[in-house]
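Single chain ahead, by itself, as structure tokens, in the form predicted alone.
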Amino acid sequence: MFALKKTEIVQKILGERVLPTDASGEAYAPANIALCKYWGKRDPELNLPVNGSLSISLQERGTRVSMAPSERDTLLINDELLAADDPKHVRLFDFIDLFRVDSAPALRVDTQSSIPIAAGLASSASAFAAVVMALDRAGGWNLFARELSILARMGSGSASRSIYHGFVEWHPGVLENGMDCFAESLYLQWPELRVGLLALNTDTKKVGSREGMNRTVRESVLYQCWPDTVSRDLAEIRTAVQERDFTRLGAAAESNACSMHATMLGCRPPLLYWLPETVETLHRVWGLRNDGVSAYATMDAGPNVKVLFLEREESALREAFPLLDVIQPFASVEV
């Protein structure tokens, strides 16, 4: 079977459904932090990953998107109007064009993000997931979550996981057309689990995640070990979540994140997202653990650190990191 193009995937899912001329819709999607990382694609066109991954959503940290007909395509991010040639504007509307026929309206898209943009804190995942859900509501399509996940994946791979809340596993699939590549909720609760965000540097990354991922796959001599590492870590993390074994979860997630960043150092020249503050923070987390505080670190493609811990350790973590933004992934939040 030949791989399908993005437009063919949309057609396969939507069938005869189109975006009406008076389309308007609104949706919210949470950012997510991969406990077992997605790093590398087997098909860049369809964002099909080399490996599976497992994440936890950040509940109230994410993106709300509203869209309505307009005289021309416009994009606002946190009330700032972007120029039509801004890369973020171009990328978003190239994605939206997958869903529009000739009669579809121009759109004003207003995004409000409660998480820094392009700083390694998974803002694009929540943005594209929210856009897909807003399009679904604007079109009255009533798509299933699995279909929304497939569509969101084509905007940003990690967006496939932001369709859901809580623990989410993204299946890599084996089909060339990617129709078996989607995320789904594990439907598991862990109310005591906490995720702490340490935004050490929120400047836009010099090397975006997409470029960094492609460089690593193409250049790193260490990447050949990555698929086996992920296979082991994914099984370990899934079991730890099912059994609520925090030590097992934290150790595997921290190791997986460090392994991902190690593959980047195998590039020529090396790719390093960490800053001195990143290294200092990691040592502080490890120092706390040596002192009996059960906390583990994870990082995406950026300098910022996320800390995993349980409710009983919250006061110790807040004392160690006064600027820690504590997320309760399983709290009820108005979104």
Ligand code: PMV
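Please read these numbers as outputs of a predicted model, since none were measured by experiment. So that there is no doubt, residue numbering starts at 1 and follows the sequence shown.
What comes next is about the form predicted together with the ligand, which does not appear here.
Partner contacts here mean any heavy atom within 4.5 Å of the ligand in the model of the complex, and among 66-74, 299-307, 285-293, 22-30 they occur only in 299-307. Shown without its partner, this chain lists Leu198, Ala240, Met213, Leu193 as candidates; in the model of the complex, only Met213 has a non-hydrogen atom within 4.5 angstroms of the ligand. This chain appears without its partner; in the model of the complex, the one residue of Thr229, Ser113, Thr263, Ser209 with a heavy atom within 4.5 Å of the ligand is Ser209. Using a 4.5 angstroms limit between non-hydrogen atoms, Ser149 is distant from the ligand in the model of the complex. When the ligand is considered in the model of the complex, Ala34 lines it closely, a heavy atom lying within 4.5 Å.
At a distance threshold of 4.5 angstroms between non-hydrogen atoms, Ser156 is in contact with the ligand in the model of the complex.
Taking the ligand as it sits in the model of the complex, the stretch 15-29 never comes within 4.5 angstroms of it through any non-hydrogen atom.
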